[in-house]
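Below sits a lone chain in structure tokens, taken as the form predicted on its own.
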Amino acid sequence: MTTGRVRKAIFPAAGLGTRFLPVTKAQPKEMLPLVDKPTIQYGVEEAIASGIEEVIMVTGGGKRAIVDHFDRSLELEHYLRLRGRDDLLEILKQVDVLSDRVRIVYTQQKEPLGLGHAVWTASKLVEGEACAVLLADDVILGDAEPCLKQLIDAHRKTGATVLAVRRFPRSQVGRYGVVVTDGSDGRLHNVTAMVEKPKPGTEPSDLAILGRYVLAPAVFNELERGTPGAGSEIQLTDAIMRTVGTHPVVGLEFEGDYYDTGTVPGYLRANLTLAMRREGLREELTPLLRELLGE
């Protein structure tokens, strides 16, 4: 089975970022830097590299910095130009060109009613098409095809809702949503159920759901019902689950390096790892790390 192109991607970015207080009191969590780029920029670059034509940012109050980041700053450009800082102008250009390569639109989630509600908020802009969803907390890099591109290719072949999944030790998998599968074709697994953050010893598999999805239109039909789930919020996994049996749902074990920036330890680990992989920074940091470790 084949289906049409996936042209649009939703970025839910309305969360309050309470795990990172007090810095997120006035700063969107999505704008916290990974080395020298905000986490959400990595996701937008991935969407562009995957052929996405329109990015839909679902924002909330206090998220103006996201809009400003992807807009031009003529005042800053003028300041740098007067001072002959062509090197910094080139860095700004690399950000500005993103909005030339993809259309970025914004819509507001007026209440924090869950991930499913944030995705549903963008449904009118999706216009009944299959659509990607990217969570900025999950940064996926590497030399392979972009993670989202891998999911889109799987959707084109199957027509299914596609979830990004990865194997974790069972001692860690309980931090995530976990899929129940029935049959596999290589890295592609037929999903029959999902369990959100299973208790230790009850994990149905070692395949965890990470923050990339391609949603078939049937999922948006279920989100339209507005049925609350855990925490009295509208859960995306619940809506996907209600399509199982009538519409295919698959999990794809993607290729790429995964960084979880949604917790303070994960965020710090991602920053350190990416900094150590960059020429110039690695040479600066290596002696410091050895000193801190007492080597």
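From 1 onward, residues are counted along the sequence shown. In this text, all values refer to a predicted model and were calculated from it rather than measured experimentally.
What follows is about the form predicted in complex with a small molecule, which we do not show.
**OP:** Answer yes or no: in the predicted complex, does the small molecule come within 4.5 Å of a heavy atom in every one of P12, L113 and D137?
**Re:** All three within 4.5 Å in the predicted complex.
Original post:
Can you pick the stretch from 27-35, 44-52, 250-258, 236-244 whose heavy atoms fall within 4.5 Å of the small molecule in the predicted complex?
Top reply: Only one stretch passes the 4.5 Å heavy-atom test: 27-35.
Subject >> Contact of Q109 with the small molecule in the predicted complex (heavy atom, 4.5 Å) >> reply: Because a heavy atom of Q109 falls inside 4.5 Å of the small molecule in the predicted complex, the answer is yes.
**OP:** Tell me, yes or no, whether R19 is in contact with the small molecule in the predicted complex, where a contact means a heavy atom of each within 4.5 Å.
**Re:** The answer is yes: R19 has a heavy atom within 4.5 Å of the small molecule.
Original post:
Closest heavy atom of A118 to the small molecule in the predicted complex, within 4.5 Å or not?
Top reply: Yes.
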